[in-house]
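Read the single chain below, which is given as structure tokens and is the form predicted alone.
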């Protein structure tokens, strides 16, 4: 898909790493459990006690990351707010259903139902910012965030907006973790999450959660992280994926050799990772293959964290060693190809470039 150049001018991230900081990318914390929860910021710094009690964690996280991204960008108000989420406010959904069952459908609390809808996240961000512009939510499981990003790209291309706040947000509850565990989503044991993706090739990964917001603009500024030069989404490709990637790169006037980092959605699950390793063997040198889920875990919109890793690395000029297949730090990267797939059916490609000085 041909898009207008889009600059990432601000990022806000709350994940299983240090919140609202790039330390989680370059100096991450390691865990030894299959289920890892977010490191929460001090909510008292952002909400009054009354407001904090009324809204769920996922909404609080999303509002905080949205405000942080906007603050970094120097833009006062986005022209559009777009959110991708696989599960939405699942914690409130569970509370509502539990209350309905326990109380035999009597005396139900409407707040649980109101906040349980998927578009509550995007709506609450807009209400908190007092933003009355375009507002949309995408729920497409493992490619929810990418669809939100495509929506923003189309609005930029049509010159309907000059800026957009795009957020990927999901949470993992104990109940949902247990359900996914039964169908083999999670590994039985995890000794070191930082090494899990590189060293483990069995069934299942480890779960994470997070809210990651990006302030996008058609104009570069002094705070810009990276340039999104091109992106594409495709479903059940009828030609080899390697061919799709080559065509995608060549359409941007580049060759395979020009790609410095091939950033993948490898998670430690053998079936999931085989797609990426096969492409890496056929197209890219092993030292160019990278991953990010070892520092954020697996969740439906983890691609948002992958974009965060790519953009932050381009801005800093260093791609961290713990995210590279060969374990060696890479400097002076210019082009990063970010490839994500969900069940080898939905694929997304994003080409990011280092911003010009």
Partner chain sequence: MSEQSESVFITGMGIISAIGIGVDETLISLRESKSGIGKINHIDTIHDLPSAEVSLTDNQMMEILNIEAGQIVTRTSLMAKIAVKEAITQAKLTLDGKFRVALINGTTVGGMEKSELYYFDFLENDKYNEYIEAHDCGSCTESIADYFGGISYVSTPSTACSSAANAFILGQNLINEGVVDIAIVGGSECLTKFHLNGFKTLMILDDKVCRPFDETRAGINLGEAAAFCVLEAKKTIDKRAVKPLAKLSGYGNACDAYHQTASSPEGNGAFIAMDMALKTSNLQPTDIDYINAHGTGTPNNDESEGRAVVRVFGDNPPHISSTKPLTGHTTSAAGCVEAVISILSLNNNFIPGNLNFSQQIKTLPFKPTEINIETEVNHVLSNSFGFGGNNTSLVFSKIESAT
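Treat the numbers as computed from the prediction; the structure is a model and nothing was measured. Positions refer to the first chain, counted from 1.
Only in words, not in the display: the form predicted together with its partner chain, which the text now covers.
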Contact at 96, 134 and 300 by its partner chain in the model of the complex, all three, heavy atom at most 4.5 Å: yes
Of 104, 257, 188, 76, the one that lies within 4.5 Å of its partner chain in the model of the complex (heavy atoms): 104
Interface residue in the model of the complex among 114, 251, 285, 194, criterion: non-hydrogen atom within 4.5 angstroms of its partner chain: 114
Residue stretch of 8 to 16, 329 to 337, 342 to 350, 21 to 29 approaching its partner chain in the model of the complex, non-hydrogen atom distance within 4.5 Å: 342 to 350
Residue 158 within 4.5 Å of its partner chain in the model of the complex, heavy atoms: yes
Contact flag, residue 178 vs its partner chain in the model of the complex, heavy atom cut 4.5 Å: yes
4.5 Å heavy atom contact, residue 316 to its partner chain in the model of the complex: no
Residue contact check: residue 183 to its partner chain in the model of the complex, 4.5 Å heavy atom: yes
Sequence-ordered list of residues in 213 to 248 near its partner chain in the model of the complex, where near means a heavy atom within 4.5 Å: 233, 234, 235, 236
